[in-house]
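Just one chain is shown here, as structure tokens, and it is the form predicted alone.
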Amino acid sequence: MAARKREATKVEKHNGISWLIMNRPEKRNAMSPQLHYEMDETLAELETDPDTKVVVITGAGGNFSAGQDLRLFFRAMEKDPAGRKRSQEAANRWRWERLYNYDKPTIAMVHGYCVGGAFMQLLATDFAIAAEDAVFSLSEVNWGILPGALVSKVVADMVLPRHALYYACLGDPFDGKEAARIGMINYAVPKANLEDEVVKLAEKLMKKSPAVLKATKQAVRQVRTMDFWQSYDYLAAKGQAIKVGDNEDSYNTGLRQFLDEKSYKPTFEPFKLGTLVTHQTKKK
């Protein structure tokens, strides 16, 4: 099947970072069926793209996303049950099923409005940085519905129950500083510094072993719903699995650089990537 022409999204690639941009600035990046289809397909492409090391999810024109496009996603689909089902499946797949367990690290860069349904992709990404003056709002209660799809679930999982109830039931907006305070994002920065801070985080992530980073972020997510005994077994198996197909041979390379070569301090920095071939050549 031919790749869909991007109309509601765009991709920009720079130095290992792929910026996946919701691109409906005239609608504050409100999410249409077309946008959902494109995001779903593009995330699938970037997950196996060798030039993509980190994916940043953001929006064009000064906003993250104003949530679902009420006219196109809801009203226009009322008499098209098949179309509505397809668009709902695509919307849920990319905003949660793909992003939550994505192979590569993901960062949400939030500026302007982040409203309603956009909380799913916000909370599915591994990391989130926002402008201090970004506007977050679970506004569904104000227009007569509850936070649907998985929004209520993921908000309740991410923050303390009092915070989840307060903002879901009141619908009051809050800024980036408050989002950081309640644990919805990692931190907030002045808008002028936002992109630089995202790049800085992405560059730190790209210095880690890709195999270990992938396993670590997936493990932290999965053990949240396990008991202690399940976690013991899962993490032991996950640790062994890292060694299969790890191009860096991270376990032995890290030990060698720390114990034998004394070339790094793991408390403060990762081991150096790309040294395995040189080491094997020297041994010969």
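Predicted model only: the values in this text are computed from it and were never measured. From 1 onward, residues are counted along the sequence shown.
What follows is about the form predicted in complex with a small molecule, which we do not show.
K.L.:
So which of Tyr102, Tyr113, Phe174, Phe127 gets a non-hydrogen atom within 4.5 Å of the small molecule in the predicted complex?
P.N.:
Result of the distance check: Tyr113.
K.L.:
Using a 4.5 Å cut on heavy atoms, which of Asp233, Asp227, Glu26, Asp51 is close to the small molecule in the predicted complex?
P.N.:
Answer to the contact question: Glu26.
K.L.:
Contact with the small molecule in the predicted complex for Ala60, defined as at least one heavy atom pair within 4.5 Å: yes or no?
P.N.:
Residue-level check for Ala60: no, no contact with the small molecule.
K.L.:
In the predicted complex, does Asp69 come within 4.5 Å of the small molecule, counting heavy atoms only?
P.N.:
Yes, Asp69 lies within 4.5 Å of the small molecule in the predicted complex.
K.L.:
Considering non-hydrogen atoms and a 4.5 Å limit, does the small molecule approach Glu197 in the predicted complex?
P.N.:
Result no; Glu197 lies far from the small molecule in the predicted complex.
K.L.:
At 4.5 Å between heavy atoms, is Ser209 in contact with the small molecule in the predicted complex?
P.N.:
Contact with the small molecule, no.
K.L.:
Pick the stretch from 182 to 190, 159 to 167, 197 to 205, 134 to 142 whose residues have a heavy atom within 4.5 Å of the small molecule in the predicted complex.
P.N.:
Stretch with heavy atoms near the partner: 134 to 142.
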